[in-house]
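A single chain comes next, written as structure tokens; it is the form predicted on its own.
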Amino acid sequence: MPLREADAIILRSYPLKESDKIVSFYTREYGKLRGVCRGARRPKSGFGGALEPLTHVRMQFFERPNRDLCTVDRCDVVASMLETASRDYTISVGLSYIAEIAEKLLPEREVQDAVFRLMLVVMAALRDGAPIWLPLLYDQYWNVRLAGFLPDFSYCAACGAALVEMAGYHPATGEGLMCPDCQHPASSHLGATSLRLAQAMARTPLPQLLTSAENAREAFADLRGLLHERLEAHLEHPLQSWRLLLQA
């Protein structure tokens, strides 16, 4: 039963018995794991706030052969999102949505360093005071892209024409984006500003995007909705935080 040590991001924790917790966490070295934190619910627990969602920790844990759950021995906080989440309710719900995407989308024990780095970049931007909407959109975009079901934002899926001013998409069909001449009559629309942002996100780091984008909640609501629909279609399961985010 070797002791392992890894950088990890906490995704979710929930009670176990009277004093313990089960925690789901994503590690750079071993992928997504679940573990038992003994005594984590006690008032003087050594885990403290280290098990809050999206906390970046240095974790030590034991794995036993043929066991789904490891045993978490220690969590040292590297960076916490507690102060960021306390700024306002919308940020708190947005953070819950980001954590829920990772929890539902990432396969068990599959190492994806790009996903780990994505989460660190998004969390750093929010800790530095960025409004929630553009980092959240960036997180959606790259999760969909890395999972392999991102539509082409540059060319019509039907005729190959360049998408410039507007694109249509029909969630029920699962097809790609289409130009105005090819789109289905009942299509939802993606505007020119969202098309340009989606194309820019493929090659532009988040800090650079933050310097030029304004009013991201209203300006890119269509893109955020499209990416969310792609996530739920892939998961075949609703993301519970989304409804709260729309009301925030």
Partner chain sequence: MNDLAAPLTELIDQLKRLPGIGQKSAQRIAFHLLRAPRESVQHLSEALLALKDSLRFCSVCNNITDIDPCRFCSDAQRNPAVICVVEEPHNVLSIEKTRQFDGLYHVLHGAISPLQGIGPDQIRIKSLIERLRATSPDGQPLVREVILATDPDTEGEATAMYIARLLKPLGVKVSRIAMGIPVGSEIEYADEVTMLKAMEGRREL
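Positions refer to the first chain, counted from 1. Everything numeric here is computed off the predicted structure, so don't read it as measured data.
Keep in mind that the form predicted in complex with its partner chain is missing from the display, and what follows is about it.
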Practice task
Look at the stretches 138 to 146, 115 to 123, 92 to 100, 153 to 161 and give the one with heavy atoms within 4.5 Å of its partner chain in the model of the complex.
Solution key: 92 to 100
Exercise for the section: Just give me the single entry in Arg67, Arg58, His189, Arg42 that has a non-hydrogen atom within 4.5 angstroms of its partner chain in the model of the complex. Expected result: Arg42
Completion exercise
Exactly one of Glu110, Asp88, Glu165, Asp76 comes within 4.5 Å of its partner chain in the model of the complex through a heavy atom, and that residue is Asp88
Exercise for the section: Would you check, heavy atoms only and a 4.5 Å threshold, whether Glu18 touches its partner chain in the model of the complex? Expected result: yes
Practice task
Spell out, yes or no, whether the shortest heavy atom distance between Ala6 and its partner chain in the model of the complex is within 4.5 Å.
Solution key: no
Exercise for the section: Indicate whether its partner chain has at least one heavy atom within 4.5 Å of a heavy atom of Leu246 in the model of the complex. Expected result: no
Exercise for the section: Although its partner chain is absent from this view, report whether Leu11 comes within 4.5 Å of it in the model of the complex, heavy atoms only. Expected result: yes
Handout entry: Residues from 43 to 68 in contact with its partner chain (non-hydrogen atom within 4.5 Å) in the model of the complex
Key = Pro43, Lys44, Gly48, Gly49, Glu52, Pro53
